[in-house]
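Single chain ahead, written as structure tokens, the form predicted on its own.
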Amino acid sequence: MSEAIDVASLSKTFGGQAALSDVSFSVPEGAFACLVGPSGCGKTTLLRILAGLETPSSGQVLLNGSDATRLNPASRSIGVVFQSYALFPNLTAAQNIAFGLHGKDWPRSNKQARVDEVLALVGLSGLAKRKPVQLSGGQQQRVALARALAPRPRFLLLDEPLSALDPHVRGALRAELKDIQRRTGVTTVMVTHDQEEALALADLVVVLRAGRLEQAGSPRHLLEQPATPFVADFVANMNIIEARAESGERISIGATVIAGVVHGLAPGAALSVAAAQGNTRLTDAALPAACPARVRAVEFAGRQLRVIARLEAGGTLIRAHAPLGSPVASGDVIGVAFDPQSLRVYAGAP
């Protein structure tokens, strides 16, 4: 599969502050990519550079192999859906969609046919004459998406298009958005602050932190092989725990020694351990391989409990699951045990 978008050593500085630093990744043709990371990590700046609304301080953007770094937005064959949707309030849904269809490529007859086509694509055929104020938030989002798709762009950029919707509508539209992207085959890059959303939608997840690329890969790759403790925490929602290397395949968390952990580090070296919540067990604090902890909160999480406890060693908050009805309550002293073979080890303290 060829690369539709190549971001090469991209950096952007605003007033001496780096918004992006040497970011590189590629998006295959027809793929759905999501940019994720904490607020202020550079996601929207990167999207605006792809759209041609910002110029990078250094680096390149290649679209289908051609240098588009300084190409104006109109020449990039890009459709954009902004977080606010940016619909014209005085125009109907059909008129909003038709707004971008102009020039010799779109005579009146072709224009109307295309508007009807994308209205059907987003499920709004019966609402063509309604103005934005007469549409729900989800319907407005569909109009904005239809307007972006109407000119048949080669690339679609989405800036948190679902963030203003309530959770129920958001979940339904997320599935529709993925289906529409698959049917159209348009290469898509979406900014989202919702890791679950990125994992559900994307073929490629690009994780940014403080303007730098932490990791890029498929959802499965990031969940199974997070490259850094940050990715393990932010994307895979794993517990990150401070530990030390011991001789052989052993590590220690405080006074608790855990055997069977491959680490390859010198004894005494500081390390970070990532433990999946599903492989973090609650047990008796007196057991040799258990880390003593005090329960801070117990929450309902579907058909199980989520237990949040603070380890006595280092004070790290960890999250674990327990069956409904488990006799665990805030303030209890418990033991926390980890599956040694499932732990991921990183050099250096968290």
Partner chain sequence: MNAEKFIQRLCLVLVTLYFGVSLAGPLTALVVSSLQSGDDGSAANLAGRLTDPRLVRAAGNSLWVGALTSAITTALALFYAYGLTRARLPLKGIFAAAGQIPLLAPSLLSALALVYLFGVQGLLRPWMGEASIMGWQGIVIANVIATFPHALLVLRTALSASDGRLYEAGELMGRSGRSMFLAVTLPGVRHGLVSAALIVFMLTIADIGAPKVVGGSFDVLALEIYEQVLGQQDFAMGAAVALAMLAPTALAMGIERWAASRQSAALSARSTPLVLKPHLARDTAMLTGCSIIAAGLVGVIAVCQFASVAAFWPYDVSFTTKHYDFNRFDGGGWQALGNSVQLAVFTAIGGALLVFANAYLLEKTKPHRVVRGALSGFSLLSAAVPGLSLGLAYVFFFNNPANLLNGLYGTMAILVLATITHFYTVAHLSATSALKALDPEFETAAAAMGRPFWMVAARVSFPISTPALIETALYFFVNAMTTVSVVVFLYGPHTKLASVAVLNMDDAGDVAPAAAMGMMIFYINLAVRIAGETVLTRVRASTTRGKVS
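Just so it is clear, the structure is predicted and the values come from calculations on it, not from any experiment. Positions refer to the first chain, counted from 1.
Not pictured, yet referred to below: the form predicted in complex with its partner chain.
> Which listed residue (53, 289, 305, 295) meets the criterion of a heavy atom within 4.5 Å of its partner chain in the predicted complex?
Replying inline: That would be 53.
>> Which residue, 84, 110, 136, 247, is the contact with its partner chain in the predicted complex, using a 4.5 Å heavy atom cutoff?
In response: Contact check passes for 84.
> Can any non-hydrogen atom of residue 221 be found within 4.5 angstroms of its partner chain in the predicted complex?
Replying inline: No, residue 221 is distant from the partner.
> Should residue 89 be counted as a contact of its partner chain in the predicted complex, where contact means heavy atoms within 4.5 Å?
Replying inline: Answer yes; at least one heavy atom of residue 89 falls within 4.5 Å of its partner chain in the predicted complex.
> Should residue 100 be counted as a contact of its partner chain in the predicted complex, where contact means heavy atoms within 4.5 Å?
Replying inline: The answer is yes: residue 100 has a heavy atom within 4.5 Å of its partner chain.
> Using 4.5 Å between non-hydrogen atoms, is residue 177 touching its partner chain in the predicted complex?
Replying inline: It does not: once its partner chain is placed as it appears in the predicted complex, residue 177 has no heavy atom within 4.5 Å of it.
> in the predicted complex, which of the stretches 310-318, 29-37, 45-53, 296-304 has residues with heavy atoms within 4.5 Å of its partner chain?
Replying inline: Correct option: 45-53.
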